[in-house]
Structure formats: structure tokens, C-alpha cells
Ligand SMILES: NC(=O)c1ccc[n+]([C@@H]2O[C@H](COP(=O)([O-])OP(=O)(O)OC[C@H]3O[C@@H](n4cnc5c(N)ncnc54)[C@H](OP(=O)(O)O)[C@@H]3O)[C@@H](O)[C@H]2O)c1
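Presented below, as C-alpha cells, is a lone chain in the form predicted alone.
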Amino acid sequence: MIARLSPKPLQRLYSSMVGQKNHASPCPLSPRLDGKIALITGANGGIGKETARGLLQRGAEVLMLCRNIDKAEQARRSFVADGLDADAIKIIECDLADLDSVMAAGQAAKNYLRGRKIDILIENAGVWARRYGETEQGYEISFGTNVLGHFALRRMLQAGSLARHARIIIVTGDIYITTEACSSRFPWRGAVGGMRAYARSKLGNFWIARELQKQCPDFNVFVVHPGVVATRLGGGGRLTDWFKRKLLISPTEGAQTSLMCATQCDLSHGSYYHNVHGECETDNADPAMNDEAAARLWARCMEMTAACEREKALRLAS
């Protein structure tokens, strides 16, 4: 049964929080993913690490794209200590806040694959900044990392490294319901400003996912709300940590919806999958359904990534 989500922010956020510890379903261990190749961003901690673990447990070969190589190596060692196949793990450095790093990571992935194709792409990494910052290319940090960095990476992989019917899981968050805009320029300050910037980027993720399914109908695109998860995202102190432990779910529980979309048959591609409500339908009043804004954001991301590619080509030629 498809759940109908409210477009009202308070009602939506309440329904995401209440009962999530009891209503979220674990992903089955079958079908197996032997012979499949998965690439996941932000796999060194939190939801990303547990998603990578779940993919490895099911037999997939996993490319872990991470900004912090030391933490990525710690994650790899923990996987191997749990009996998972060390040869199935490849770590590639990738800072999504720097398009030059993204392009280098995309090329490193291609070199590693040697013509093989990625079957599962999970755009998981995300930042919730505590103070205003910009990417290496001068874009607001939440947008530049969560939206544009993934857009540029996927654009590179589409040139010969993604399987025709690849599953592409784009992680958003129900917090997107609190805003109606997403752009590369958003000056903000303070804790509320950081939350707004993050929410805008999550709306951008949703828009890009919907537009990707339109532009590339052969792909199986899934938009995922993993739950409200107890990670270090957004920082916090003792009170915040206590709140997280009491009300939020663990990273392992938060990984289950992405794993569902990566593994299970008979799912509706192009749909929104929620850790509490399952497959969801959004109201026309929901900001995620703004097709014109989604198309504009897609076009803008194309312009920004193409400009970066031209600049890199000029640097190499000079």
C-alpha cells in the first residue's frame, strides 16, 4: 500500500519521528548481490558505513568514496574483522565539496573498473554545516556537497561506467518539507541557518532524483528518507546526544531503506521510499513536486559541472 504524505511541515516531521523505532523494517538478506558492483559515497561512517556493510554481506563488490581516507580505512578493517571479503572493498578518495576532487575520483573509479559497470550507485554522503562555508568552487557548502558534488560524480560515471539499468539511490530527508527553494547561493548564519541550508539541499536531492528519472528512464532511481538517525551530522553536545539516543534510530537501522532499494525486486522506480511509511506518494502542494524548479536546478547543475570540466581541460592544455 502506498502511503500518502502530508505537505504540512509539522505534521510530516512528527510522523517521521514518532514510531520510527517500531515501524522501520529490516532489509532481507536476499536476494544476493554476488557479481554486482556498488558505489557509495560517505561510506566511512554513519548510515553510509552500515549501508556498505550490508552490501558486502550480500556479496557485492563495493567502491567506497570517502573524504576521510583514515576513517575509510578504519571502516574497511572493521568489515574485514567481521569476516567480510577484503578483496571486495575499494577505497577511493573523494571530497564532494571540490569538483576537481570529484572528477579525479570518477576517473579513479573508471580506471579501477576497467570497463565493468556499476550496478548500484548510492548517493549517501551529506553535510549539515554548523557555520557558513563555501566549496572550492565558491558555492554554499551544503548545496555544493550534497547536491552538486553528487551531480558531477554521476555525470562522470554516466559516461561508460553505469550499467544501463543501474539502481540509483539518492538519499534525501523529510526535513526538505520545511523549505521551497534550493540554490547554489544561500548566505546564512547561526544554527537555524545551517538547518535551512541542509533542508534546501535535501529538497535539491529530491528534485534532481525526479529529473534524473525523467532524463534517463532506463535507470531505476529511488529517493530515500533513511529516518532521523543518531549520527554526528549537525554536531551536538551532551543534551543533543541524549536526545538522539532516546528518540532517533541507529545508523544500522537508518541503512535499511537504502539497502531495500538497492536489493529488492518489484519496487517502483522513480518513487520515494520512507523508513516508516514505505513507498510514498507526495501531494501536489509538496515542494518536491515543483517540476519547473527541478528542471531549472538540473540545468543549473549541468552548467556548473560543464564549466568546471572546461576549466580543467584548459588547465591541462596550458
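One-based numbering along the sequence shown. All figures in this text were calculated on a predicted structure; none of them were measured in a lab.
Not pictured, yet referred to below: the form predicted together with the ligand.
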| query | finding |
| --- | --- |
| One residue of R76, K202, R210, R154 in contact with the ligand, assessed in the model of the complex (non-hydrogen atom, 4.5 angstroms) | K202 |
| Partner contact for V171 in the model of the complex: the ligand, 4.5 angstroms, heavy atom | yes |
| Contact flag, F222 vs the ligand in the model of the complex, heavy atom cut 4.5 Å | no |
| The ligand contact in the model of the complex: A163, any heavy atom under 4.5 Å | no |
| Close approach of P287 to the ligand in the model of the complex, 4.5 Å, heavy atom | no |
| Options 46-54, 31-39, 260-268, 277-285; stretch whose heavy atom lies within 4.5 Å of the ligand in the model of the complex | 46-54 |
| Residues within 4.5 Å of the ligand in the model of the complex, restricted to 64-100 and counted by heavy atom | R67, N68, K71, C94, D95, L96, A97 |
